[in-house]
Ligand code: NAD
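We begin with a single chain expressed as structure tokens, specifically the form predicted alone.
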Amino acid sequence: MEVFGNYIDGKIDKEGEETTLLSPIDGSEFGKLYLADEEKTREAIDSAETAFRKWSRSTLKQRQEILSKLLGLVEEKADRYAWLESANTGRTIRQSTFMDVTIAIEHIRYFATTKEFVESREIEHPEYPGTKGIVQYRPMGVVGGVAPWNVPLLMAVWKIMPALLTGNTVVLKPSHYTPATAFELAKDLSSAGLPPGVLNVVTGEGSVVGTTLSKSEKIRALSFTGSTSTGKRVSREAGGTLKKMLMELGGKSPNIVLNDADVDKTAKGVLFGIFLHAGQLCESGSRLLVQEDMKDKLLNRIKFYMERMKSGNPLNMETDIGAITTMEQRNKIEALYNKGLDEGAKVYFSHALSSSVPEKGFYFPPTVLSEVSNAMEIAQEEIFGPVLTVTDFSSDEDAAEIANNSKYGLAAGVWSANTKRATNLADLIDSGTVWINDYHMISAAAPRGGFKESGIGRELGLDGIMEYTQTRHLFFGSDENALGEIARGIVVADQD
């Protein structure tokens, strides 16, 4: 059985309330976890604050060397990370192996090798000839990270790596449901040479650990990923501290299929968009918007592929259907699904789970609901599960109007054989990412984040790195600057 203690000042800390982690795959005991309280969280913050004094003076090269060593360790332990991620979250081992861990490795590589980020640049002052300016991108200080339970490894990478790269120290709160890979990453960073206190990992209830991070004056930036409602509460808690807030919140992403799209490729893309990790991804394409004259052909093809999806134990490499990470979430999915039926939605197809699914696991059958109007709750609220709603539209403008009729704006997809047509439609959609003839492809070099109530700020890419910096301007005066002499004369005039 795995045992997870909080990681503070370079040491594993097993003080605190002990709780049992259940694997969603079969309900068995996966591990033991020691929950941090407010005092333990403050201890982690103090450790990070002390470590910042030295770490902030390290060079960019030194920091990237540590990340490069981490990269080698994670590559060596890829199978270990994949097993931990699947056993803890319920996702299929195939997804953990070929997506989550593979992407995590490539994203660590990006931060370890990127040349995009520079710590300073020279500028000219057009008003003051002969002077020189240097713009510096300095670390914020202690950065707090609050991660959700759905993709713990990637969330840990996305919150830790850019903050360390830019010279900050970090206190990370992974979900108390899925802390396994975050703690593994912390241990491997220590082995890679990260000094004690630069990264601290504490986990517990959001109302305790998360609130302590939000309210702490010592936390100068807070990166939060979770639901929109929780994000608003976190923002209120942090409001009095004037810390920088980065938030990646909920989504209800439209996957739009135009009538000239390739039916077979699109059907696979739509299924990938919604059923990856059983729909438990904030950018999941949970709203299928399909042009009227394409609807029947596309749904028939979707059903064809859904009938061939294999249920079973997610730790079997042949299994296609993963578990729901928590029983609480499974119950929420079922409640929203039932509400949809009450509102008039029809079950177009639901994949019956076979007897090979572990009996005590947390599962919900992949389901397609048709005859869904955009006014229904299931079309507006985030289900965060393997339920796809289907709404048809007549024109491209109609599709954009339906897509944008949502409080969310995280992601979207557009499928068409005509790239110009797809791009024109993508330009009309209010979301931070729009995939054209693809879905779920997240690049370390590309900024990720939402419009409207899907968040503020960006993760990944140079935009995401810069979020963890504050800008300083150094102005170097010069005897050649005649305007400077004139300016000083406004206060101190030359005497005859």
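Because the structure is predicted, anything quoted here is derived from the model rather than measured. Heads up: residue numbers just count along the shown sequence, starting at 1.
The same protein also has a form predicted together with ligand NAD, omitted here; what follows describes it.
Proximity to ligand NAD in the predicted bound form holds for all of 173, 207 and 230, with the criterion being a heavy atom within 4.5 Å. In the predicted bound form, ligand NAD lies within 4.5 Å of some heavy atom of residue 384.
When contacts are judged by a 4.5 Å heavy atom cut-off, residue 241 does not count as touching ligand NAD in the predicted bound form. In the predicted bound form, residue 448 approaches ligand NAD with a heavy atom inside 4.5 Å. Remark: residue 373 does not count among the residues lining ligand NAD in the predicted bound form, judged by a heavy atom distance of 4.5 Å or less. Note on contacts: among 179, 90, 251, 162, the single residue with a heavy atom within 4.5 Å of ligand NAD in the predicted bound form is 251. Think of it this way: in the predicted bound form, ligand NAD has a heavy atom of just one of 403, 198, 290, 282 within 4.5 Å, and the residue is 282. Of the stretches 149 to 157, 126 to 134, 75 to 83, 181 to 189, only 149 to 157 has residues with a heavy atom within 4.5 Å of ligand NAD in the predicted bound form.
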